[in-house]
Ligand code: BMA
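Given next, in structure tokens, is a single chain: the form predicted on its own.
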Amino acid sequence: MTEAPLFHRHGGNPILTASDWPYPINSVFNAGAVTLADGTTLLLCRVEDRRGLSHLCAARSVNGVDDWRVDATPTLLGDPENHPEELWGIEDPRITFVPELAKYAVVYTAYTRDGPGVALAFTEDFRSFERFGVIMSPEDKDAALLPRRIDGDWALIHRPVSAPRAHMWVSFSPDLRNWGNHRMMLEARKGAWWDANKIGLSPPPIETGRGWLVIYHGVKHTAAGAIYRLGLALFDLEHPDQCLRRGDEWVFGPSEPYEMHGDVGNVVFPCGYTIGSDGDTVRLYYGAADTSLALATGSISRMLEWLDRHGTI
């Protein structure tokens, strides 16, 4: 008997495309997501302009599905004059609300002259931002801040490149500026696996009573090009470098035309989610083929149950 899929695509996908933008762009994808205090869903979208450089732009929706109100101008642009590390744009934001600071942490990729690096900014309203600059030097990306301190320190998940492979790491900081105590968190497998050679965090981890539930992406290189798919892993709440369970199989991959064909085909790439009022329903917002934004719905409890059945220690 075939097992029911963990994620169900929204029937109106893609939910946001370049045609929805109030100014000329090439594509919109890879959005951070958050539910604001008034219940509105905010997506901080990666927008690629017609030069090929990316910036971030906010879209808001009452129901998180349609009737999006897009900011009339870019919400956060690269600022190479004051932040030369943002020379070639900013990309792929992950948003974490930090209760201790009463602010949203936006961790994003700054495209420097030497490749992608991890940058951090804070905001209270997604209109003004306090930039911390690059906190992990190139080549590094796919990063998110955990919402609370671990044993007194802040924790950042990120993906440095160590050729020929790229693994997920976690690093710690007392002040959000100076990072150390770097530990490998999840290793890319070798060989023909769907997640061999290169993996990375997708949206920020979900804190559950059993551990940090992580949706991560793996890249399989084929004769026809790369395929980006999603898998699941669970990590200890107080020791996030310790993997408790990891699924061997991928759980969500490109299959629809809008995921298979675009600027970069065969890509599903979420940077954000929201959790429903039931504390279980997950709305996963993902970039499709680096061209548009789509929505899939899942369940935290079902993902944990799947790891119980299919995960290995």
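Note that residue numbering follows the sequence shown and begins at 1. Not measured: the values here are computed from a predicted model.
Omitted from view is the form predicted in complex with the named molecule, to which the following refers.
- Residue heavy atoms within 4.5 Å of the named molecule in the predicted bound form occur in exactly one stretch of 34 to 42, 55 to 63, 243 to 251, 264 to 272, and that stretch is 264 to 272.
- For the three marked residues, 158, 229 and 285, no heavy atom of any sits within 4.5 Å of the named molecule in the predicted bound form.
- For the options 85, 92, 71, 140, the residue carrying a heavy atom within 4.5 angstroms of the named molecule in the predicted bound form is 92.
- Contacts to the named molecule in the predicted bound form (heavy atom within 4.5 Å) from stretch 30 to 53: 30, 46.
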